[in-house]
Ligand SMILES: Nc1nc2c(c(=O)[nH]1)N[C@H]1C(S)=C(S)[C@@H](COP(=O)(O)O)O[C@H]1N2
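This document opens with one chain alone, in structure tokens, the form predicted on its own.
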């Protein structure tokens, strides 16, 4: 590359800006491996974007991208930083360090994002500050090789020209070579190569951030769940809980198919040796548990359906699993909540919080501090090593993953992550039903067609499901056997399909007699409502 040519020098400027930005991120990520994974400037900024995004934006993103929302955010942020790197390189001059000032501005943004994380300490500023300093040094050196200082003569050097470089090129051709030396190609290539080496070395060092996840995963692979005595085992699942029809939803959701919705851009990496749970606040006795003191207790297995408040009508953000855990009510009883307390504020290791009505944890329902899921230790992305499972409440007020802190308090004294953003305070799960088969837009033949699906109303149970064809009468579906009021219930109905385009709708009635409302309501602030429907074309006879 002949960097004395205008286009080549602009390309070199762009490379200098991108490499300098890369140094800031890579070095910051590497230093974060020694401080705390969350202090990585890239991850801290991404986490802050998630925290500060309006609830409506978050819901629209989940609706459009589903569980791909987090990778999409990280890729978008990487793209923005790459563009910033281009601008930084083009704006930098030896005597007008505008690019360096932009790097410093980005560094201040990253530092602020890191130190304001819920679990941050002063040391969390260090990764971004070190990365920013090295990035500025690298940029100054590389741009210095492209625009050497003038050796004599009058007038400003190339660094004094416009940021676009047009004035620089004109003045460079007017000056004598002796008074205005050209770019130092060899020096620039050495510096650029060194920058690449720094980024590669920092990236290799930064695996300390991901090594913790590898350690947790390796531990999980060999971990044995606490033994569950036969008297504490979940009741067997009867044969009749699933309709006899192909393509219906499984009663138990496999771990790798269970929905995951949370604010964690990277899965927290906790080992059992790291884990602690502090119980404090409005209690008679403060308690701190470690893994051994928790798992030495008598554990239970319970089958519970979890539902995300972000679930749209007919959505798949619901799952049913066998959870292994210890009753939350018994732990709270050991701490002795004061009579005026009415809320448990639980905190994840990454600082996320949920406010759960204390009554829902002590009224006899199977609220668990869970360590297992479908007979295995919790998957990392589902809260390993310890999480909460509370029947009847949406996850944003109850299902804290990677839980490390319980504060017994009151709703009028404390608030949690999503309630601070306008969501409902207590989060009871609404009655819902959906059509699972036939598949959307399926081409059907005339005659008998089995329509099947799921319905749920945790803590109340489902007593009736009805299906409507177009604007016709409601037809009662056959309910599969109910396992418990805390799990979803399967249903089926045989439709004598006639040729044409038809829309099927479904509604459920819970055990209190309340019929699922037709009124459409988005998830914000208390959960989506409305009848699920699907449209099918039935071919001619």
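Just so we're clear, the structure is a prediction, and the values are computed from it rather than from any experiment. Residue numbers count along the first chain shown, from 1.
Just so it is clear, the following notes concern the form predicted together with the ligand, a form of the same protein that is not shown.
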* To do: Check, residue by residue, if 260, 263 and 399 all come within 4.5 Å of the ligand in the predicted bound form, counting heavy atoms only.
  => yes
* Which one of these stretches, 295-303, 252-260, 128-136, 81-89, sits within 4.5 Å of the ligand in the predicted bound form when only heavy atoms are counted? -> 252-260
* Any chance residue 350 has a heavy atom within 4.5 Å of the ligand in the predicted bound form? -> yes
* Asked: Is there a non-hydrogen atom of residue 395 within 4.5 angstroms of a non-hydrogen atom of the ligand in the predicted bound form?
  -> yes
* May I ask you to state whether residue 307 is within 4.5 Å of the ligand in the predicted bound form, using heavy atom distances? => yes
* Asked: With the partner left out of view, is residue 421 within 4.5 angstroms of the ligand in the predicted bound form by any non-hydrogen atom?
  -> no
* With the ligand left out of view, choose which of 117, 365, 387, 437 has a non-hydrogen atom within 4.5 angstroms of it in the predicted bound form. => 387
